[in-house]
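One chain comes next, on its own, written out as structure tokens in the form predicted on its own.
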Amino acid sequence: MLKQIHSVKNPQVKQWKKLLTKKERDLTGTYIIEGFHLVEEALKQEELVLELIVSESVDLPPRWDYGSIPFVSITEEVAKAISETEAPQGVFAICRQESMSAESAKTFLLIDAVQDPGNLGTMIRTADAAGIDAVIVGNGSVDIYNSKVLRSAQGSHFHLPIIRGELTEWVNQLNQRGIPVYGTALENGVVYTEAAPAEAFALVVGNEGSGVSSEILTKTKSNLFIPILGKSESLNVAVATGILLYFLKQS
């Protein structure tokens, strides 16, 4: 039987709104996504979507296969209440957070304390596009399930492992596996074209203002920088990440 919710005061609506906070996402092991593209990508993953939420004014594409997933019809008022976009599309899903492994990965993007959700989402999407095997998001970074991160990544969360972890430990593990780890820094750095593209590597990129932590930079094979040819002081971290990943992945 189709469940219908008409009031923003409904306890279920209040619970959905709580999922807009990291605390509730961590507590429940779930998160909320919105928009046709994200929901369609999530539905392609087996047992990822726990609940489908659709505004009563919305017609779902006939190609969507949501089988036995619980389906809730809501009003446009409720859709606006649980959305963080200015113009909600009226399509949402509750998804479970997955436990992901990077045991077989050979190429990695490590992200150190990147705080802008648009940057983090774009970097995840870029790693996906470049064919990187896994993304490791370190402490101090914005939550990977933040709604803006999810929208910026455009479904890449469902395509490759994205793991929250302690970057120092990961760098140590990668060094032990013989995988070259490249940092990003101007000081004591080399132009990125001096690095050798390889089948296995890890790239560490850092905070928008302070870059990669000094502790991690002492553990890398070498630290790379991209020359600034014009008058700009620096490159956006997500743009720089794209340039470096595609160069290192050439092989």
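Note that the structure is a prediction, hence the values are computed from the model and not measured. Start at 1 and count along the sequence shown; that's the residue number.
Same protein, other form: the form predicted in complex with a further copy of the same chain, not shown, and the subject of what follows.
Trainee: Looking at Thr107, Ser147, Ser83, Ser156 here, can you tell me which has any non-hydrogen atom within 4.5 angstroms of a further copy of the same chain in the predicted bound form?
Mentor: Spelling it out, the residue with a heavy atom inside the cut-off is Ser156.
Trainee: May I ask you to state whether Glu41 is within 4.5 Å of a further copy of the same chain in the predicted bound form, using heavy atom distances?
Mentor: The answer is yes: Glu41 has a heavy atom within 4.5 Å of a further copy of the same chain.
Trainee: Heavy atoms within 4.5 Å of a further copy of the same chain in the predicted bound form: does Asn188 have any?
Mentor: No, Asn188 is distant from the partner.
Trainee: Consider Asn10 of the chain shown here, and say whether it contacts a further copy of the same chain in the predicted bound form, taking contact as heavy atoms within 4.5 Å.
Mentor: Although a further copy of the same chain is absent here, Asn10 would stay clear of it in the predicted bound form, with no heavy atoms inside 4.5 Å.
Trainee: Would Gln4 count as a contact of a further copy of the same chain in the predicted bound form, using a 4.5 angstroms cut-off between non-hydrogen atoms?
Mentor: Result no; Gln4 lies far from a further copy of the same chain in the predicted bound form.
Trainee: To test your reading of this chain, name the stretch in 25-33, 188-196, 210-218, 54-62 whose heavy atoms come within 4.5 Å of a further copy of the same chain in the predicted bound form.
Mentor: Contact-bearing stretch, as computed: 188-196.
Trainee: Counting only non-hydrogen atoms and a 4.5 Å threshold, tell me whether His37, Pro227 and Ser232 all contact a further copy of the same chain in the predicted bound form.
Mentor: Looking in the predicted bound form, the three residues His37, Pro227 and Ser232 all sit within 4.5 Å of a further copy of the same chain (heavy atoms).
Trainee: What residues of 129-155, in sequence order, lie within 4.5 Å of a further copy of the same chain in the predicted bound form by heavy atom?
Mentor: Contacts from 129-155: Ala129, Ala130, Gly131.
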